[in-house]
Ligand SMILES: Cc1ncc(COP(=O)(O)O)c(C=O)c1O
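Shown here is one chain on its own, the form predicted alone, set out as structure tokens.
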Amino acid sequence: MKTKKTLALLRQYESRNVTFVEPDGSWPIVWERAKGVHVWDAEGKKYLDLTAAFGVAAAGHANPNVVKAGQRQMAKLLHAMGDVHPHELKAKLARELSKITFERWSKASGKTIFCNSGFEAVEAALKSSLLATGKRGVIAFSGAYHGLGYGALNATHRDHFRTSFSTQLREFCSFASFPGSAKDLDEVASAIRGYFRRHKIGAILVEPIQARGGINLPPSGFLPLLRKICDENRALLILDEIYTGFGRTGKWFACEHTRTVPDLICLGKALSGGFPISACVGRAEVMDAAWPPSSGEAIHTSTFLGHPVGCAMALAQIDEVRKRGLVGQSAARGRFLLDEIRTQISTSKFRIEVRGIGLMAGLELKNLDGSPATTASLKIIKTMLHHGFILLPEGEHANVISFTPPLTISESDLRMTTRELNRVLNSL
């Protein structure tokens, strides 16, 4: 079997902390190919993907127009020279990112630093805030996940990721509580203002909706509150929209639900539909205050900065999201999904909480005593995998079953998923 051979190779040659393999072989599957909303494993079994591969495949796996754009570019120019000799598509993508962010929000332009993965975009934003304000301190939030590079790890909250490396962390972040309801806002505001009084804070870094933290939605007043506090203290508001961007929440960007304009926004995942490229986009005024003109050697760069294939695919992906109306479709499908979960899924064995917006939803399972139903959640996800549905757990206790499917998913696929999930849940 291909699966056994592949996993055996990984056990022998990959660091053992990367791929988790169940001793009984029930997890993971080995992906062979993907198309639209479906994935096929190495043995040819077909699955419905409710993860969009960590939210990347917003316009569907192997979207034909995105793939063609990448193929054409690979045949023409496979690699350029980052910050030295540019190529045309890097300029065009920087212009497009300005248009869909700051030019839409405030009629100001934006300027971009291209990166490779999400955490690098966060680190570019952290560097930008330090250079622009001269203040090293950053406020982040409980449950935050901003990536695992050493800079971003300072702002990622979960001990699971931090503890092993704590002796090497710079520890420039202060953590405030991520609010769950409007009644929490006064307490959160007080804590944040206290940090500003005691420390030299240059920025607040926040996910408008926490994905890996457990699909946590803050009250509508949260982002406007942070905007106000940043303005009061001449600090920058950095929004990590790596997961929530490009229609995931039913808006182009989640901050648009509350009309909150950041100073810097971090983008990735669905930006290209599958090629490793990310971006930190900031108001031109902020970026120009932070970064000096290049004197021939950039002070922040990388070999694959603004990779031509990634830029080509990103431009095609943005075009697909726009032309196919996937932002509005995400909003409509998301409402349908939440309604299906609430009407189709019920159990007397657990306490259930459902939350979400757009095609970003979570079903939290707790035991009847209120403790996280981690074991049950993981068993449900593994059973659903065997039944042909790919789901992931989120949250510190892995007891939130998340739904972040391609924005192209149909109502019938969502209905089929919730009904099968209800059967599995009640068969435990």
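From 1 onward, residues are counted along the sequence shown. Remember, predicted model here, so these are calculated numbers, not experimental data.
There is another form of the same protein, the form predicted in complex with the named molecule; it is not shown, and what comes next is about it.
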Using a 4.5 angstroms cut-off on non-hydrogen atoms, would Gly358 count as touching the named molecule in the model of the complex?
no
Using 4.5 Å between non-hydrogen atoms, is Glu207 touching the named molecule in the model of the complex?
yes
Is the gap between Thr301 and the named molecule in the model of the complex 4.5 Å or less for some heavy atom pair?
no
Arg212, heavy atom within 4.5 angstroms of the named molecule in the model of the complex
yes
Counting only heavy atoms and a 4.5 Å cutoff, which of 188-196, 234-242, 344-352, 93-101 contacts the named molecule in the model of the complex?
234-242
Have a look at Phe178, Phe119, Phe222, Trp252 for me and say which one sits with a heavy atom within 4.5 Å of the named molecule in the model of the complex.
Phe119
In the model of the complex, which of the listed residues (Pro308, Gly247, Gly147, Pro218) lies with a heavy atom within 4.5 Å of the named molecule?
Gly147
Along 379-411, which positions have a non-hydrogen atom within 4.5 Å of the named molecule in the model of the complex?
none
